[in-house]
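Given as structure tokens, the chain that follows is alone and in the form predicted on its own.
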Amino acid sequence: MDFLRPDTVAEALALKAERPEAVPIAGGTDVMVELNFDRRRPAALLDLTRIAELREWSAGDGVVRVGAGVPYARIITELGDRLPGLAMAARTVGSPQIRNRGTVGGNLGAASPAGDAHPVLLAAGASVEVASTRGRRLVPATDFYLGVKRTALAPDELITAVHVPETGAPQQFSKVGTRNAMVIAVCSFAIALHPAQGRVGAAVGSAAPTPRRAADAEAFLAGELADGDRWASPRPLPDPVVRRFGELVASAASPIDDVRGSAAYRRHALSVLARRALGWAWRDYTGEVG
């Protein structure tokens, strides 16, 4: 197995163009597990840890650009106020050691349906920045996930960053696991309020072949908030609205039975997570505006 170690993004893209079979590795929290269990044996690893540009983040024009190599620990400490949903998801990832190594770029590249960052990025309306020697492009998160561990990346492309809108509005993330920490999600849910646009983002994880938005739930809640003029004059949401939102979130899932939980349990848990997360987010919004 060849071990390729570029120092710049340009060098990495040139190597990826020359060796499209090379597997990118940064934190290694997914790739090393697969290697250790002999699930894959790539001809080459493309080590991205020397590239400083991938470990940077910047903000401007209402968007935060998070380099693909920024670890979860820094998202928590440096971006918690700008990207609260992503920071919440980052806090639930593995142990402190894993959060020091693991990155959102790696989470996107692995494209596991259970990845903790995915629902947050979908709800926030994020875009994935990918690059090759042919140039760079932004892929909306809604178009990035194509199947179980399959993405819209071309063989010669690398994930260089993720662009996340900075709304200043409440966001929430919640997941259920077989225990409280260091566990893969049985199911997860994220919600992001977008009052300036009069819309709601909601997405589920670990409950379908890919993470996905709960589009019907989003449209239902946005309609209820608009009809009641609740964006401008926030007040408690009626219980039937909250319950219907939870039902629609659960109906967006197409889960399976596996060792972590049954499909029926996942649907039930998602409805509960959605109701709770909506309650927390709306309470925060009411406190900000009221």
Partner chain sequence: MRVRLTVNGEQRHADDVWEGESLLFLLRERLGLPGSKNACEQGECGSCTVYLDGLPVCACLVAAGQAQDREVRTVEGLATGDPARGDRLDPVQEAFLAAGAVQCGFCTPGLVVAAHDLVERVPHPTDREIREALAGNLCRCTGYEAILAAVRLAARWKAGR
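What you are looking at is a predicted structure, and each value in this text was computed from that prediction instead of being measured. Positions refer to the first chain, counted from 1.
Just so it is clear, the following notes concern the form predicted in complex with its partner chain, a form of the same protein that is not shown.
For the options Ala219, Ile98, Ala169, Ala110, the residue carrying a heavy atom within 4.5 angstroms of its partner chain in the predicted bound form is Ile98. For the options Leu273, Leu13, Ala281, Ile25, the residue carrying a heavy atom within 4.5 angstroms of its partner chain in the predicted bound form is Ile25. With the partner left out here, its partner chain still marks one of 254 to 262, 56 to 64, 219 to 227, 37 to 45 in the predicted bound form; by a 4.5 Å heavy atom cut-off that stretch is 37 to 45. Heavy atoms of Met182 reach within 4.5 Å of its partner chain in the predicted bound form, making it an interface residue. By the criterion of a heavy atom within 4.5 Å, Ala232 is excluded from the residues contacting its partner chain in the predicted bound form. Proximity of Arg244 to its partner chain in the predicted bound form: non-hydrogen atoms within 4.5 Å are absent; the residue sits far from the partner. Contacts to its partner chain in the predicted bound form (heavy atom within 4.5 Å) from stretch 1 to 24: Met1, Asp2, Phe3, Arg5.
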